[in-house]
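This document starts with one chain, in the form predicted alone, laid out as structure tokens.
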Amino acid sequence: MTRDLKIVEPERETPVLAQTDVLVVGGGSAGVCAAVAAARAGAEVVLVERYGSLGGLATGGLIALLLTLDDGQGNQVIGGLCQEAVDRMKAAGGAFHPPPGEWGDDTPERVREYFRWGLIWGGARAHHRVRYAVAFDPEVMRQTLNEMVLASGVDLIFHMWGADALVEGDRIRGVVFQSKAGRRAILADVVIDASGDADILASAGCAFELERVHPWLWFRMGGVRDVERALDAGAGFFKTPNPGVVLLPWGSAARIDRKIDATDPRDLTYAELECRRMVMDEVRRLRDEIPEMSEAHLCNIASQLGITESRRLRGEFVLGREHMNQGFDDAICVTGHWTKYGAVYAIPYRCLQTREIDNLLAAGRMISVDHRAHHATKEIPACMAVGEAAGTAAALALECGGDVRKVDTRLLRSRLNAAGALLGYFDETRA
């Protein structure tokens, strides 16, 4: 038994790779928006990603759906960098969404059509309406994020894993990263944890909750002879912007037999092997049972498990279901709910702040919310909006010695609105 066995490592020096204004750990959708927003605000930014590409679950996870940018009633609630990414992908021919004139439409034919794109979700008894949701090509999204990051002047580094937070008192001095080049430190005035699993927050000793989840593994198939007829035959996939290529959201058919702790390597290993086996079984079934897919081929399986929940920050404020459809003076994002109509959450800036560290912010799916609110705030558009807010706040915090709590939230909201965010949803003057 080695459970209680420990070793004592010798004292060592760790080389400093860089020193910067803002360090963003994690290059998923939230981390990219945090880095771009901070850089556009004039900060020197380093963005570190453990894999070899940007986008996280939106690209590596093949979760190629932005659910959603509206409130379920036909009103757009998320703009800013998320909208910019949509515009760039559309210009490149890699994105599809219902036109604005159809948002909120409950015509059965239109609802049925957008269900086939994976752009409408919810229970069978819901009064479904067309949403402002977006289907996209993950490779076009990947290139879009690359261009946004590089054009903003962010110093981007792939293939380094954030290993240890360097905490001194109530501040984080930086982060130690592990890579094939060994251990290296990056020092920063403000750190944003956009790792998805709150790796840096946990290392820094910040309070968090941990949820166990059923993981998914999405995949794509091409060479489908007649997509519409295959859908009519009961094939469980979504249409994509690429003709003959379909997206299969694992979880619509079956799932592994137990929940896992997504911070446990052994649980993750089990999930990777089991989900991949189940994907291959599903590919064979579809070829055998759906005539239009008899010669279809497997394009790719997601390189990242569809993990949407693990550690969540317990921060200055915990957003809960009881706060649904409630405004906040320090709201930095407004998001709808991908499966519910008219369920809207304003996310306070306090949900990004830890209770323990003055110059550390959270961004993405592990912000300070409860399990039920998390179902809305974990989605990619909300993560992008929260990331943009975190990056903007980090740049403003540089004028306060890096203390994120001292940021003027009125100024923060003003800067976000000026950049295209839509924070006026709960204003009393809203019609």
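A residue's number is simply how far along the shown sequence it sits, counting from 1. These numbers come from a predicted model, not from an experiment.
Keep in mind the form predicted in complex with a small molecule is missing from the figure; the text below concerns it.
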| query | finding |
| --- | --- |
| Partner-contacting position among Ala43, Ile63, Ala397, Ala373 - heavy atom within 4.5 Å of the small molecule in the predicted complex | Ile63 |
| Contact residue in the predicted complex, from Trp216, Tyr349, Phe219, Trp103 (heavy atom within 4.5 Å of the small molecule) | Trp216 |
| Among 148-156, 325-333, 195-203, 339-347, the region lying within 4.5 Å of the small molecule in the predicted complex by heavy atom distance | 195-203 |
| 4.5 Å heavy atom contact, Val140 and the small molecule in the predicted complex | no |
| The small molecule contact at Gly162 in the predicted complex, heavy atom, 4.5 Å | yes |
| Contact test in the predicted complex: Glu379 vs the small molecule, heavy atoms, 4.5 Å | yes |
| 4.5 angstroms heavy atom contact with the small molecule in the predicted complex for Pro241 | no |
